[in-house]
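Okay, so here's just one chain, in structure tokens, the form predicted on its own.
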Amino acid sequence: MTLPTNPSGAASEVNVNLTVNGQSVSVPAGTTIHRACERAGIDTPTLCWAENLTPVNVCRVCVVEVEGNRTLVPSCARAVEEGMVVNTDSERVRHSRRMVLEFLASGVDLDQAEGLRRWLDEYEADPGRYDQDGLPARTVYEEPKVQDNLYIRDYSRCVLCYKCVEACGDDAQHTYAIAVSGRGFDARISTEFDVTLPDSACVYCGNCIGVCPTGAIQFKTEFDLRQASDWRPDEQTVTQTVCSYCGVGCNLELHVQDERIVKVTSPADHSVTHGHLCIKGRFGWQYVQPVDAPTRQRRP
């Protein structure tokens, strides 16, 4: 199957008509089923998909039923066709999504994957049913890798969605510092020969952090606050500004807690960054407040 060259369908002037959950939808040719569902106001769960990355259809959380197809198809990568009839909420679809979510939740720690936990509730997933003789299912666990003051890697939270690999490779940075290593329960995201980050090809752009959906890769500042039970995203403000380091015009989103910057992101739909930044944009706010400065005490 050839992947659509234009997942958003914005450049096509030819429309395709299809039916989604009984609703007639007309979208530009080349649009994916996932985008067509969005056009119809239908929320479809995704994990390995992101609007600023090429679809790799590895997680199978977004599968839908297409009339005439023997198997369920990944909506993030399948292009619409004229007259296509799609069902996103059949029992077959719900059963498949439920099992994928249960497998993931029984194998890794998803307590920081807020978006994914919402879908666990939606599909009434019960990872505990894979326990045997009172023992929990085998889970992946290893101590977080803390090798610098910029970001950490906690593979006990990794669901192997490939998003960090894609962002490090062709879709953004073209550094290729990380890839999937090993197989089965030993599969993990790794640097070449499993060397430390400072010894690898990593340029510390942090684009892997920007796309990680589970907290497996996160800012060291966020990690430290979570360790201290002081990470309070609901109390944080987000201010959009322009990076001050060069004239490209990258937009930054400054996440501020207790009047201190705790992390920096970028809008995925921004015409310059598409959500991606360089090391200066992602981590270069130390001149505003040094990383090792005393943390402001939480107000009573």
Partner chain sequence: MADLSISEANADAIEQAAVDAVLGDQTAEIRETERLVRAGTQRRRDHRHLLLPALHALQNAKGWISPGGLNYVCRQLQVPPAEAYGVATFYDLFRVDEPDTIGDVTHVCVDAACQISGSAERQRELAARGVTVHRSPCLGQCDRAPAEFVQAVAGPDRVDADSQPYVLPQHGDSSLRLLRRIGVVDPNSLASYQAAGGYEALAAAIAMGPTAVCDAVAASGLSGRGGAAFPTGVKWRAVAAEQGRPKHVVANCDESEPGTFKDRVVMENDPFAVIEALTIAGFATAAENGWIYIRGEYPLATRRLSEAIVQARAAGLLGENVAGSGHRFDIEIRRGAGAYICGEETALFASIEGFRGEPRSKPPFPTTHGLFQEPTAVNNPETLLNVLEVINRGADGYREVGTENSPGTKLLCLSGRVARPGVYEVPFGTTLGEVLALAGGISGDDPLRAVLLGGAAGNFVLPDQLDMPMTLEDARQRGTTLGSGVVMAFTAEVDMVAVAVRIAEFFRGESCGQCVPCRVGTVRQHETMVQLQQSGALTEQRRELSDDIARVMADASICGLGHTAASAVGSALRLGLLGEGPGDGGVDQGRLP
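The structure displayed is predicted, hence computed values, not measured ones. Residue numbers count along the first chain shown, from 1.
There is also a form predicted together with the partner chain; it is not shown, and the following applies to it.
Novice: Report the residue, out of V85, L150, V146, M99, that has at least one non-hydrogen atom within 4.5 angstroms of the partner chain in the predicted bound form.
Specialist: Looking at the other structure, the residue within range turns out to be M99.
Novice: Counting any non-hydrogen atom inside 4.5 Å, which residue from R226, R92, R118, K220 sits next to the partner chain in the predicted bound form?
Specialist: The residue from R226, R92, R118, K220 that makes the contact is R92.
Novice: Could you tell me which of 110 to 118, 171 to 179, 226 to 234, 204 to 212 sits within 4.5 Å of the partner chain in the predicted bound form, going by non-hydrogen atoms?
Specialist: That would be stretch 171 to 179.
Novice: Residue-level contact is defined here as any heavy atom of the residue lying within 4.5 Å of the partner chain in the predicted bound form; does S190 satisfy this criterion?
Specialist: Yes, S190 is a contact residue.
Novice: Should H270 be classed as touching the partner chain in the predicted bound form when contacts are defined as heavy atoms within 4.5 Å?
Specialist: Output for H270 is no: heavy atoms all beyond 4.5 Å of the partner chain.
Novice: May I ask you to check whether F185 falls inside a 4.5 Å heavy atom distance of the partner chain in the predicted bound form?
Specialist: F185 belongs to the contact set for the partner chain.
Novice: Do C59 and the partner chain share at least one heavy atom pair within 4.5 Å in the predicted bound form?
Specialist: Yes - in the predicted bound form, heavy atoms of C59 and the partner chain come within 4.5 Å of each other.
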